[in-house]
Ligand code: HPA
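Listed next as structure tokens is one chain, alone, in the form predicted on its own.
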């Protein structure tokens, strides 16, 4: 029996490119398609999780929302890797900084993704799994940033299951281990990629700082996120 379409994606096999950019917000996926892609075609509207395929500098590329949190990106990235023959998924999203040297609008690439999630439990591993991005994509992203003139910070991020954490000291402990920023999806994406023998990378823009109580305005987000999007598009 064919695996496509799925309960979450109405695309047929072949509708989606080998490389997919995944912002959390489906409306940001639409913005990317409308702004950067030539001849974009919408392949999914199920649950309003919009997805589009077009070309960028002559290369076929897709963009699709992932939703918020690891369960959501876990579903969509699993299906893309295993049912739609996607090879590369690049998460592009926002993050909250927890290190002093990380500033608003900085672009951060998650070389590794710590997590407080139990997502890895499904693999029944005899220890703790360390989710990491694909080095080839990481190397290309850093080079694209250099050519763009954008300084990026590369290191460890935290993929948290909790947005409003009842433990008010939790961030202090992650900060003490050098974790740069907090987001909610990368670890599940990296684990799905590892299991499927596919490629993944998480590129983030710092939208707020949890220790300085700073945050970007809507206009600043648009400018800062544009740099991140353009780096990711070069990975197709």
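Everything numeric here is computed off the predicted structure, so don't read it as measured data. Numbering follows the first chain given and starts at 1.
Although it is not shown, the form predicted in complex with the ligand is what the next lines describe.
Listed stretches are 22-30, 204-212, 188-196, 57-65; the contact stretch with the ligand in the predicted bound form is 204-212, by a heavy atom cutoff of 4.5 Å. Note on contacts: among 141, 92, 86, 95, the single residue with a heavy atom within 4.5 Å of the ligand in the predicted bound form is 95. Although the partner is absent here, residue 123 lies well away from the ligand in the predicted bound form, with no heavy atom inside 4.5 Å.
The ligand in the predicted bound form is not approached by residue 50, whose heavy atoms all lie more than 4.5 angstroms from it. The closest non-hydrogen atom of residue 180 lies beyond 4.5 Å of the ligand in the predicted bound form. Using a 4.5 angstroms threshold between heavy atoms, residue 163 counts as touching the ligand in the predicted bound form.
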